[in-house]
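In the form predicted alone, a lone chain appears below as structure tokens.
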């Protein structure tokens, strides 16, 4: 068990999550800190932020400090028939922090599964996402959506690309008012408008959500609904099943994502600490034939969680002054440490160190 008095929240998370992902056969992936700047610019819409730290290499080539790991995993992988590449990573990425709005080195951990993705792979990824949140906090929520539902519903409502783009934005923001106005602006029929507005508000316990989906079944993808039903049955067996809910306002960029997407929250942090989903479209854009699913956990956000702070820096402040018997000093330090206490050897007590006990070799021990 790692001591949270010694390690930061994000450091503890790295060690525990690495062990979790290894149980499901995910191998560590290590990458360079640098990639060609052009590589990220070509896929900037996939990035959390398009602000990238760039510099000239000694040969004049423009490089960038990596703002993302998934893109590099795809770039450096290959499609092998019948094989699923399963990798996990703990990497520092360099991007603008949502808290400070300045560039920051952020510890990020995640998992990626690339290959012929089936329902079990989707379930396994959601299971690991939930287990990740549970390791960070017992008080968590994992929200799941299926982009196939939204895309099929919007196709039945309008073929106008601008309408769809604006509608997705309002749905993501849970902005029913502007969504309603948008429907009026584009002349959407009242019954279709009501269905779309009701779709936005569908959220919560999975079986109840599935009942509501059945009521609008003629306007949404049956395949997507069946996927959610099967997935929900598998999730019912988990002890924390009630913490995994359906929320169709969980939307990702459909240029890159497809199918299942999800987002995770833990108590004490207002932002989502985990985000993921299927991104077959991204692989296609990068010339790959495989499917893919994965998620990332943003460990920098764990800095906002309260930590238990000790009232003391060490248990024992050991003053040695001008003592020249180093054997005595070493033996004394070992004796203190072996008793389960921490110790700091100093010449004098300057008041800079908080301690429980003060011991001195100058006057004997």
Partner chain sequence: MLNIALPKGRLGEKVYAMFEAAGYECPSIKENNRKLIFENTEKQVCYFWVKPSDVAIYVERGAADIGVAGKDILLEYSPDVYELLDLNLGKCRMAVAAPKEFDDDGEKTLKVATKFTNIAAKYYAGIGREIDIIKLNGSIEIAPILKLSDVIVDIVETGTTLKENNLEVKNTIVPISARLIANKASFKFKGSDIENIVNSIKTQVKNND
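Predicted model only: the values in this text are computed from it and were never measured. Positions refer to the first chain, counted from 1.
The form predicted in complex with its partner chain is left out here; the points below concern that form.
message = Taking its partner chain as it sits in the model of the complex, is residue 121 in contact with it (heavy atom to heavy atom, 4.5 Å or less)?
response = No.
message = Under a 4.5 Å heavy atom criterion, is residue 174 part of the interface with its partner chain in the model of the complex?
response = It does: once its partner chain is placed as it appears in the model of the complex, residue 174 has a heavy atom within 4.5 Å of it.
query = Is the gap between residue 139 and its partner chain in the model of the complex 4.5 Å or less for some heavy atom pair?
reply = Taking the distances in the model of the complex, the answer for residue 139 is yes, it comes within 4.5 Å of its partner chain.
inquiry  = Residue-level contact is defined here as any heavy atom of the residue lying within 4.5 Å of its partner chain in the model of the complex; does residue 178 satisfy this criterion?
reply    = Judged by the heavy-atom cut-off of 4.5 Å, residue 178 is in contact with its partner chain in the model of the complex.
request  = Go through 102, 270, 218, 239 and name the one with a heavy atom inside 4.5 Å of its partner chain in the model of the complex.
outcome  = Of 102, 270, 218, 239, the residue with a heavy atom within 4.5 Å of its partner chain in the model of the complex is 270.
request  = Counting non-hydrogen atoms within 4.5 angstroms of its partner chain in the model of the complex, say which of 151, 249, 281, 158 makes the cut.
outcome  = Selected option: 249.
Segment that reaches its partner chain in the model of the complex - one of 221-229, 69-77, 261-269, 282-290, heavy atoms within 4.5 Å = This holds for exactly one stretch, 261-269.
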